[in-house]
Ligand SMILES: C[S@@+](CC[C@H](N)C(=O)[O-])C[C@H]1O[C@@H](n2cnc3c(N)ncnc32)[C@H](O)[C@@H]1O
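Single chain ahead, written as structure tokens, the form predicted alone.
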Amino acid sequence: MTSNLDKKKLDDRITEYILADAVPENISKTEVAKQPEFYKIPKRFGSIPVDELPLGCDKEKQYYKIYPRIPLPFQRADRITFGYPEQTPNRLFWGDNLHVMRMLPSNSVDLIYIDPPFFSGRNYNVIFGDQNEIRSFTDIWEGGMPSFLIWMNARLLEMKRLLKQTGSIYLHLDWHASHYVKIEMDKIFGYDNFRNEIIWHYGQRTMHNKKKWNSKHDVILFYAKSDKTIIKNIPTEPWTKEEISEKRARRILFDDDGREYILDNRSVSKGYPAKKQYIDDIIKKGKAIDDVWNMPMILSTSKERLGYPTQKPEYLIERIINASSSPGDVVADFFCGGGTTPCVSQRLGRRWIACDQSRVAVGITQGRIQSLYEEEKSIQSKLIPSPDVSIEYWGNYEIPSLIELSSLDFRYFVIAAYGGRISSSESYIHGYKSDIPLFVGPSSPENRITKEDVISFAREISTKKGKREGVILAWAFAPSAHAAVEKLISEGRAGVDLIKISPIEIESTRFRDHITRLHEDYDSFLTFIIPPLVRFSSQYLGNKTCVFDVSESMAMNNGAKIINVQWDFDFQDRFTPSRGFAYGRDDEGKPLYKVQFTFVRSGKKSIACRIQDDVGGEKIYHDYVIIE
């Protein structure tokens, strides 16, 4: 029997693994902006069709028709501790952002900033080299601009659902697709909710071009969720003396103390003397920012530079976050790349959600967040009270982490991934799918399902009126288990009526059949991965310099190859990539298998590396070296 207390604990786990990650059906459909006057059919031109819906959007099913929803569970893989564990953690997701967003609650985000692929070329947009990233971008480009827009629209509609009524969204693009995307956003968010086309002019020296003007700006489309959206903190920038003199059409004068000022004559017509305005006061007050932002790209010497070409500067994201959110607000970035948005959000005291389909990108973001905390600790600065960061996976799951789960947690995870529902009151029937009983094997692949497991499960099924079949989900089955299954089907054994038991291995295609039959492109979802095999060596060169080599390491997942190696030369229990080694590639884009590092001091050094393959396998390996 299950006590009331135990039942409550089980219900809490069900909520943790299933209900908290599910979107109720009544909020699955998002309202598309109604704009009958804007899209009014012109009578004088006759019957001309005008499409009010975004490209690819079905009136009833919206984008669930071409991208069916998959309610897979999240695997909680890691956690970065900031010292405030009682707070709900910020969340960093690895997975397809459309499906991750569908698992999140409506009206829960204050600000969204996204920097999606620019439709500027396949090679330019495949940054990290993951197979998921390559597969997705190949699909985007397959049908040209319409394909790209449909792919974007499905995600933009989900983002609208997630935004609060007072929320804002900033979409970062360039000239390749910005005008096309604006048309779609006008349909999704409403033409009246378009606020600005912000021009980020980053300049820099260019070559002469005889065919066109040099392109030196990006476009950021700023939309509101509703008319309740405001810019919360209007940013300013300093005046220059030349601007003050030119704008006010006044000559700069000096008072008796040598302070510079101008005379404002606007009050003279009302009988008042001209007002003296001091230059330093005007400069201090600043001028309001307009929609052209002159900001350089990240300098090559900047400590925030990671090394990949599409990285955006922190001061650009900081301006957006400061303007359209307040401390404690939730900021989201569903194309987080190297983690600029979550890092700035963490530093500014915002809550945040971030996601990327590249495991390498998520690893870089994770290391960057950890580095942010370590740097602030080292200078003893007062950290803004920040929640922990939860690193979670959707659709791709690490086998070693699953093995470490308790039997109960593993059981709930497997049933959720299989598309079933939990049963918390029966000993051998752990859940149901379409009213078919389910039994889940041990979390360790080494513990196979036995004949006794099959018979016990069959016996319990036979006690249920009308039940004549069941499914066993496990990593592996002993030969005796398969034999028992056959005998039950053909003869019935051990006092059990004829019961059909279906053994399904968790890594088999049968296990994910409920997903792959929804969409032909969903074959890559629901995969189980293992870490690379790391072979580490070191060579001391003298003068506190050492060479570290992992070039003999191997990816263990089928068809995978190692694509990224990060290094931490001061490993302190938590992997924090050393400066210059956060993006684990050399100038030619090859993994940093072999590196040379010079230490400041002698002694025993703790060294670690994080190795990642292109399907998501990851391993953190650490060792020690003696520096003389």
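When you see a residue number, it is the position in the sequence shown, counting from 1. Computed from a predicted structure; not experimentally measured.
Absent from the display: the form predicted together with the named molecule. The rest refers to it.
- For the residues 335, 412, 74, 222, the 4.5 Å heavy atom test against the named molecule in the model of the complex is passed only by 335.
- Proximity to the named molecule in the model of the complex, defined as a heavy atom within 4.5 Å, holds among 350, 312, 187, 161 only for 312.
- Residues within 4.5 angstroms of the named molecule in the model of the complex, judged by any non-hydrogen atom, belong to 352-360 and to none of the other stretches in 278-286, 223-231, 551-559, 352-360.
- Shown alone here, residue 340 lies within 4.5 Å of the named molecule in the model of the complex, counting heavy atoms only.
- Using a 4.5 angstroms limit between non-hydrogen atoms, residue 141 is distant from the named molecule in the model of the complex.
- Not displayed here, the named molecule is approached by residue 97 to within 4.5 Å at the level of heavy atoms in the model of the complex.
- Of the heavy atoms in residue 308, some are within 4.5 Å of the named molecule in the model of the complex.
- Using a 4.5 Å cut-off on any heavy atom, none of the residues of 399-425 reaches the named molecule in the model of the complex.
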